[in-house]
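In the block that follows, a single chain appears as structure tokens, in the form predicted on its own.
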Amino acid sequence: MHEDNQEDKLYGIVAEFDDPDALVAASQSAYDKGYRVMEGYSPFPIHGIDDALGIPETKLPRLTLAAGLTGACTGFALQCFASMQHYPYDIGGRPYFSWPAFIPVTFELNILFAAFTTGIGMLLLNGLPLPYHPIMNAKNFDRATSDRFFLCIEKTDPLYDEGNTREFLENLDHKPLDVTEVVEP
């Protein structure tokens, strides 16, 4: 944590837990209370945390489907154009539109477009790469990758009030180990 000085500004308040169920319960309580700009941090995926935090469904599956279909249509159309218009060539008496021969390239472009869209879309939708985040200044946050669970309510939340938010986090049913402020330099 940085030393207090004039240039540090408050990012939010973070509660530290030693149990994943406590994080889910705290997240659900905060959501039920009306907090919306918050984030949970855990060393592993936790079932139910997305619903508790109010995180909407991701757009990535639809993007992947659209890209896969685009790739398949592109591959098929490219081969149709090449074999029927651009370079019609009679091979063994087959018709110019011999769709069974087009399947391997159609499939490969389907997979190629979908894979690249999934990889790039995942990075962009998650806001990655993110080499620095103010939550890294939180007390004990280095344990978020091993055995601690954190709930941070950000200052930008419309319901945020430093005193009331701190009191809310301190008085949760599953008592947090610690409630501290997060500052960003």
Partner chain sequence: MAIENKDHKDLKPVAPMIEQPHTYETISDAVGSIILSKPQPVGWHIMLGIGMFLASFLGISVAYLFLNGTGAWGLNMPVAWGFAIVNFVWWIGIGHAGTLISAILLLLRQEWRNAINRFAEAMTIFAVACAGMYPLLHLGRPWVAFFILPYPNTMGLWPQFRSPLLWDVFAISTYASVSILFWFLGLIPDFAMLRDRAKNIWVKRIYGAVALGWRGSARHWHRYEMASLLLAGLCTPLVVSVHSIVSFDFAIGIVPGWHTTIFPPYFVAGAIYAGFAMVLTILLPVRSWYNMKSLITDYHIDNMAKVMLATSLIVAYGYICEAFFAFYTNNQYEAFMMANRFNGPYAWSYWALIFCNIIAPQFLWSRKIRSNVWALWWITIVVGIGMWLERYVIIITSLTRDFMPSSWGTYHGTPWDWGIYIGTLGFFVVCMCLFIRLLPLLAVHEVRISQHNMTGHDHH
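The term rigid core refers to the maximal set of C-alpha atoms that superpose within 1.5 Å between the two forms. Please read all numbers here as calculations on a predicted model, not as lab measurements. Positions refer to the first chain, counted from 1.
FYI, the form predicted in complex with its partner chain isn't displayed, but the following is about it.
- Under a 4.5 angstroms non-hydrogen atom cutoff, its partner chain in the predicted bound form lacks Pro176 among its neighbouring residues.
- Although the partner is absent from this view, Asp147 contacts its partner chain in the predicted bound form, with a non-hydrogen atom inside 4.5 angstroms.
- Under a 4.5 angstroms non-hydrogen atom cutoff, its partner chain in the predicted bound form has Thr64 among its neighbouring residues.
- In the predicted bound form, Thr118 approaches its partner chain with a heavy atom inside 4.5 Å.
- Residues Pro104, Val105, Phe107, Glu108, Leu109, Ile111, Leu112, Ala114, Ala115, Phe116, Thr118, Gly119, Met122, Leu123, Leu125, Asn126 of 103-126 are found to place at least one heavy atom within 4.5 Å of its partner chain in the predicted bound form.
- With the core held fixed, the Cα of Pro95 is displaced between this form and the one not shown by 2 Å or more.
- In the core-superposed comparison between this form and the one not shown, Asn110 has its Cα shifted by less than 2 Å.
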